[in-house]
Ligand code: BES
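Quick heads-up: it's one chain on its own, the form predicted on its own, in structure tokens.
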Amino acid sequence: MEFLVGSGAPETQRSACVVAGVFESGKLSPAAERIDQISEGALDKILRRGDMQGKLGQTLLLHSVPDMPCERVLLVGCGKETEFDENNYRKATAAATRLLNDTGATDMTSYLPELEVKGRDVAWKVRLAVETTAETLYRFEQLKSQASDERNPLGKVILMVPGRNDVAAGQTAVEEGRAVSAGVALAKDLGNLPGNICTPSYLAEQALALQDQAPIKTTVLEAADMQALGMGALLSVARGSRQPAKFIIMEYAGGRKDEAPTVLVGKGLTFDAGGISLKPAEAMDEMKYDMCGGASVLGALKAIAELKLPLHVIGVIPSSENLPDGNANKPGDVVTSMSGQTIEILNTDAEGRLILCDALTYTERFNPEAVIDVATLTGACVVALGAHASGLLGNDETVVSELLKAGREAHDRAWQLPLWSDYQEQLDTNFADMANVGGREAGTITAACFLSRYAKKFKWAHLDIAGTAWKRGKEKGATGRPVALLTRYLINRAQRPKKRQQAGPTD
């Protein structure tokens, strides 16, 4: 897909299709007004006939509009002008992309970025248009015997900005949007693959392949390496699986050698049946998505490598399966984590925190500037926040606020939940240093409380993406979230003044 940025009047565009917005009140966008003038009121006549009401997502494709050199004009409904916000901008862009791709248009010139979105500049609108277009066109067809028949798929999009002074910012936004989209597509592909293909070994292979495409050094630790490090919590989860656990470390060294890294830790459970605490059969097929935290780390590293960000970033992905077996964890078992802390396993389906806690302890060796873990961790987060916002908790308010800001900018939002010490006592047990679950109440928070006990030596934040990483229902599939949030967070970090801080060893 080719994305370009341009500036100019609609009547000068000789493309397959020019796209312009219409509001529900009948008000035309500036580009639509110009087309109406050039065509001597052709659009006004259409509106007065009632062929186009301007409802959000409504589309009307016009052929041979008088005095317009383009082949077609697509009018896109934008809803009520007073309610036109980020979400409606995204929906209008997706509607235009979907229709033109389905009708075989090979290119389009979109004037939607000229529309006013409160609090958002041209660069934001261009970037979101790129990401939305790529998301709308995404197809997962790797495992189908025949791909869908798209005669002439949409191949080029020209995004029109108000003036020539906006073109440079628009071009930078295109590059960012393309990089994020590539990272999102990688995360989606991995999340959509079934567990019999996307095993821990496969995930490790994809991480190793990434170093051939980008300046990333990848190391994969095997079970013996983890045993030597004392990763008893992680290895206990893998005991029920015939697939060997993998511990993946990816280092992107785009910053100074003395720069302390930002570390992204992603949960890589390639299939989660719940272990002995077996999940219900309904929707268990979707448990292949339990590695979407790890997939998002891979996607974010791919994105920042394409952008060549001047940062030092390390990705860590603990990966295994969680299956029932004679050798699997049992409720009541006690395991010892890499930190030396002991854990009583009350529920084997709370395994994500067991593999993450050892990964968090491992990151201490990097003397990190900040550590962010990303995990499809709790069903409680789905109940609390649904599919719209990721849960966010942490021990450093600066890191948390930066992530919240990045989420708003990327339209990949998170919502902060409390991490008060009051919740910690729910993890108390008579038989170990802590239990791996804290009961039904505040499940997302107590899971983060558990992880916080392994993050005391660095600034840390936790993203629970159980509700945002997977789309349920008829169009189920991986969403690629929160690649956009993580990438924006890292872009913002790259743009702020650097502080000298000695990094620790990376081997």
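One-based numbering along the sequence shown. Keep in mind that what you see is a predicted model, and the values were worked out from it rather than measured.
Form predicted together with this ligand: not shown, discussed below.
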Taking heavy atoms only, is S110 within 4.5 angstroms of this ligand in the predicted bound form? no
This ligand contact in the predicted bound form: D290, any heavy atom under 4.5 Å: yes
Using a 4.5 Å heavy atom cut-off, state whether E351 contacts this ligand in the predicted bound form. yes
Is N347 a contact residue for this ligand in the predicted bound form, using a 4.5 Å heavy atom cut-off? yes
In the predicted bound form, does each of K279, V437 and W470 have a heavy atom within 4.5 Å of this ligand? yes
With this ligand left out of view, choose which of E176, D358, D412, D272 has a non-hydrogen atom within 4.5 angstroms of it in the predicted bound form. D272
Of L451, L43, C70, A466, which residue is found within 4.5 angstroms of this ligand in the predicted bound form when only non-hydrogen atoms are counted? A466
Within 4.5 Å of this ligand in the predicted bound form, heavy atom basis, the matching stretch of 419-427, 363-371, 264-272, 140-148 is 264-272
Within 374-392, the residues that have a heavy atom no more than 4.5 Å from this ligand in the predicted bound form: T376, L377, T378, G379, A380, V382
